[in-house]
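First, one chain by itself: the form predicted on its own, in structure tokens.
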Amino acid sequence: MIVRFGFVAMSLQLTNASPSKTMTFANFSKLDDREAGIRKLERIAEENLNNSLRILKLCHASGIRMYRFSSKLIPLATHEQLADWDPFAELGEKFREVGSYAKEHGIRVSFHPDHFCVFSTPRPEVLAKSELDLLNHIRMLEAMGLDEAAKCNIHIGGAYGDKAVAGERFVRQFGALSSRFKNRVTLENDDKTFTVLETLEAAERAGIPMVLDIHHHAVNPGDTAENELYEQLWPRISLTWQKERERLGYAQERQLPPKIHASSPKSDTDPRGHADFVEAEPLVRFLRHAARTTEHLDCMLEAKSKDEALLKLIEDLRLLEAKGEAVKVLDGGSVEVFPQV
């Protein structure tokens, strides 16, 4: 199985390259000239996009073919006091430049809207804000000229006192969205509420691919035994991606591989927190099981040390390879993992 690794938002190798520079609405409100303030927001967004492009170029040079954009590319993009502002009119060319580079160099990109993007909510005003936030992310992907293989990953949301009812509400409220929304979304299990099985069932009903977070599963497994995850649930998760490839007209798994998230616990006292780096051996153990039924897989690392964590993981995998373990490093961002027999 060929596994490609990616990282989230920030590069620690580059200096002065934050893609998340921002301005608070409090500071915006202090400006005497509103139009000048909007131009300043657009300049900040342009700098974020320039830095995103720098990071993509670093990815290409390093052999890394996965990257998650910062959700904060456009400051105050969905603020209710700026509803009359259309940042894409000014930033369209820069978005296209970023998207064109990702396409040209085969870098799989995505977004992960923040935790307040929840479709299980019982509150209409929260649902409306969730739709607005998701739409903003979708518009950024569209402005980049990326097809529907570029996704926004979300969680089901809160339980609100009754998880079964909340899960049903997610399926109903998400299902009411237009295809413009639904065709851009993947669904991920979380570390406190919705387990892998519950998330998979919701993804199957909603007709969208599922992203398996193996760290979240470790701290929130529900009643799922480890062998059940490998033997029953992983094939079903992979099938959600097969159906998506068929919808998009992709003939091969490598064109849109299943996607997982990987991280390591921060500590024994904070098992849900993400550590700076990712432990190689537990990850390889999962990958070897997945390799029995999967030929291509993409793995997003959610480590505090960002791209440096990816580089360290590759070096750790080289050490395992030298010891005769069932892994072969292919380049700076991908490996071959041999199946567990």
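As the structure is a prediction and not an experimental result, all values here were calculated from the model. A residue's number is simply how far along the shown sequence it sits, counting from 1.
Below: the form predicted together with the DNA, not depicted.
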Heavy atom distance at most 4.5 Å to the DNA in the model of the complex, all of M10, N27 and Y160: yes
Interface residue in the model of the complex among L76, A150, L134, A262, criterion: non-hydrogen atom within 4.5 angstroms of the DNA: L76
Partner-contacting position among V126, V219, L248, V165 - heavy atom within 4.5 Å of the DNA in the model of the complex: V126
Contact stretch among 113 to 121, 201 to 209, 170 to 178, 250 to 258 - heavy atom within 4.5 Å of the DNA in the model of the complex: 113 to 121
4.5 angstroms heavy atom contact with the DNA in the model of the complex for K306: yes
Non-hydrogen atom contact R272 with the DNA in the model of the complex at 4.5 angstroms: yes
The DNA contact in the model of the complex: K21, any heavy atom under 4.5 Å: yes
